[in-house]
Each structure stands twice: as C-alpha cells, then as structure tokens.
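The chain that follows stands alone, in the form predicted on its own, written as structure tokens.
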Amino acid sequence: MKLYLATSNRHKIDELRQMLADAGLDASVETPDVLGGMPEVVEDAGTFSGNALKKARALATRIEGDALALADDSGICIDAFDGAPGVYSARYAGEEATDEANLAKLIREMEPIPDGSRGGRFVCHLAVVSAQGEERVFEGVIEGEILRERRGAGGFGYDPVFLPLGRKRTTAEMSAAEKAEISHRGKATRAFLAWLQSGRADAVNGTVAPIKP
C-alpha cells in the first residue's frame, strides 16, 4: 500500500515512516512530488480537521487503487490566549514565518503570563482520504506548559518551550522515538495505524469517527 502525505516537512515524513516500520506494516510513504506536486490549497477552514481534510481531499484527486492520501493540521493552543495561535501556529509571526520567528514571538508574548497560568497543548488532526472518497480524521492531543526559555535542540516548531505534563524534559530534549510515543502527532498516527491494521473498520476503541464531506 502507498500512503501519500501532504507535506514537504521531512520531520513528518520520517516520523510516519518510522512508525510504520515499528508497527510492521507493509506500506510506503511518498510525498506529493511523485504525483506532480501538491495541489494548491487555501487553509481557511478555521479548524484543524477542516484544514486537514481540505489538503487530503486535494491530494486524493491524484491517487488511485488502494492508496491513501494523508494530511495533518496541527498547532499549539495556549490557554492564556484563548486557544491561539491554534490553526495559525505555522504562520503566527507572519505568512512566511520561520519556526524561529514563531517561537521567538510566542516567548515574547507570553513573557507577562505568570507561572501557573502557562498551560497549553499541542493538537493534531490527521485526515485520511481514499481514492474512492472514504474519509476519516484522527485526533491526538498532548497537554503541557510553556516555558520561558528554550530547552533542547531536537524536534521542531515550538518543541523547545513545550514541557509535557508529568515530564522533566521538553519535547525538544527527547529522542525522536520518545517524542513520538507521547506527541500529538504520534497519538493521531497510532490511531490511524490501528484503524489500518483492523481492516479499516468504522471505529477502533472510540478513536475513529467518520467525517461527512
């Protein structure tokens, strides 16, 4: 089986490939490049699931057979900011913002937030669409707090300031395997893999819900 992941982010590609290998699933992960590139998609749905579905549906127009198009939309949601930046996490500091610019802005804007009120979470919605139009969305969430200073050189995005609840290291201080075990993307991906291994049943332990177009 071929899985086409709607991203050019090498971290996400490598994460999915490793999780497939760990699960012993016979599937390959391809980028949209092998299909002629990713169709242009305006991520204006306003929700993680909506944006993920828009990307997965667009990519699914270029696949066939038993292949699946996958797309995730994820971000960091800060309690003190009423859930922002949320779906705008990747462009928090502007449309062409780098990870460093986004991280610097978050640290700066959270500086006045007192300890004890710096909670937040990483959220990931992973949309899966088949060539025949079958759709599912899998969700993963990890709770934590936002630190005042960067810690760790691993991961990407907001990882250097995100300390998961009950942990002593940020997600940037963890190994890729350790992070995948607890991360929002890891949780969403494992729900997808469970669904795939089950023969694509309608539900797996309540983690899967059909999504109407």
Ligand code: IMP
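The shown structure was predicted, so the numbers you read here are calculated from the model rather than taken from an experiment. Throughout, we count residues from 1 along the sequence that is shown.
Just so it is clear, the following notes concern the form predicted in complex with this ligand, a form of the same protein that is not shown.
Partner proximity in the predicted bound form, defined as non-hydrogen atoms within 4.5 angstroms of this ligand, places exactly one of 58-66, 143-151, 22-30, 156-164 at the interface: 156-164.
When contacts are judged by a 4.5 Å heavy atom cut-off, Gly120 does not count as touching this ligand in the predicted bound form. Of the heavy atoms in Ser89, some are within 4.5 Å of this ligand in the predicted bound form.
Of the heavy atoms in Lys54, none are within 4.5 Å of this ligand in the predicted bound form. Taking the partner from the other structure, this ligand in the predicted bound form has a heavy atom within 4.5 Å of a heavy atom of Asp99. Residues of 1-38 that come within 4.5 Å of this ligand in the predicted bound form, judged by any heavy atom, reduce to Lys12 alone.
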